[in-house]
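Here you get one chain, nothing else, as structure tokens; it is the form predicted on its own.
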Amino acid sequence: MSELEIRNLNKTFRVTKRSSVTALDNISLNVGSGEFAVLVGPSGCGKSTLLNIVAGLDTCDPGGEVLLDGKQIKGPGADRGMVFQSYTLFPWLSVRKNIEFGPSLRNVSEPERRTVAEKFIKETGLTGFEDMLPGGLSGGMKQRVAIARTLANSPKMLLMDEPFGALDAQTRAVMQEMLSKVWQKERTTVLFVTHDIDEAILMGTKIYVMSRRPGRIKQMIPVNISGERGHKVTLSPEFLAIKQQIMDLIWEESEQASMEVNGDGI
């Protein structure tokens, strides 16, 4: 388990020689060891850009810092596991071999990596599918493999960018419960991006609501819901109160953006 610190992070994209776009403005946040932090906000607010910077796939502007366990992130690393909306599996490898791929690169012995694979096959509900190729799997099952493969690498932190965005509602609900159970067992530190407010509350221990572009942290909302995070909790008063708070914050951003486009806010 690891702690993520982001300090005074800015990101500007150069559009032409004379113009640029500020995507992120003065972002500071902390994801404590074993927490499940979620980023939500209007489309285009920079959620995925921020996640890519933490992953080391992009860099921030000078002056900002991204630290994992006190060490500055300067590029991609095995200490961070990334799960995308697309499944990025090797189509020629079986489910088991996909999950074993990372440990095999680290020269983990065959018996040990088989043990690791079996553990995550069981935790992600893939028992009985071990020898199938990805082409024979549904979207939900492919994403189970992608999550199991990432966890098999023993990352300090799991970064997830809309991992269930391509799934139908029923499959998405099943996957949310599966991931929640795996996280409760493993307690890997997670930074999760989603547009789905219900998903954010169901999965997260805290939620960072971002403003419209340039993306800023508008508010951090702790998710204090007692009991298990099954889908029955979505009807609880605590859940609905948090949902209303987030919806109000995002609606406020949308209204302000609309006023600016129409010229009413100038």
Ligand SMILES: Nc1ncnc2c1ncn2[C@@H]1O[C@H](COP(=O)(O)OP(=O)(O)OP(=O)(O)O)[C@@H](O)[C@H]1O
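Sequential numbering from 1, following the sequence displayed. Predicted, not measured: the structure shown is a model, and the values here were computed from it.
Unshown form predicted together with the ligand; subsequent notes refer to it.
How about residue 123 - does it come within 4.5 Å of the ligand in the predicted complex, if we only consider non-hydrogen atoms? Residue 123 lies outside the contact set for the ligand.
Could you confirm whether residue 213 comes within 4.5 Å of the ligand in the predicted complex, counting heavy atoms only? Looking in the predicted complex, residue contacts with the ligand include residue 213, since a heavy atom lies within 4.5 Å.
Decide whether residue 45 counts as a contact residue for the ligand in the predicted complex under a heavy atom distance cut-off of 4.5 Å. Answer yes; at least one heavy atom of residue 45 falls within 4.5 Å of the ligand in the predicted complex.
Contact between residue 13 and the ligand in the predicted complex at 4.5 Å, heavy atoms? Heavy-atom contact with the ligand at 4.5 Å: present for residue 13.
Counting only non-hydrogen atoms, choose the one of 63-71, 231-239, 37-45, 200-208 that falls within 4.5 Å of the ligand in the predicted complex. One stretch meets the cut-off, namely 37-45.
Identify which of 195, 97, 181, 114 has a heavy atom within 4.5 Å of the ligand in the predicted complex; exactly one of them does. When the ligand is considered in the predicted complex, the option within 4.5 Å is 195.
Identify which of 118, 79, 162, 177 has a heavy atom within 4.5 Å of the ligand in the predicted complex; exactly one of them does. Filtering the options by heavy-atom distance leaves 162.
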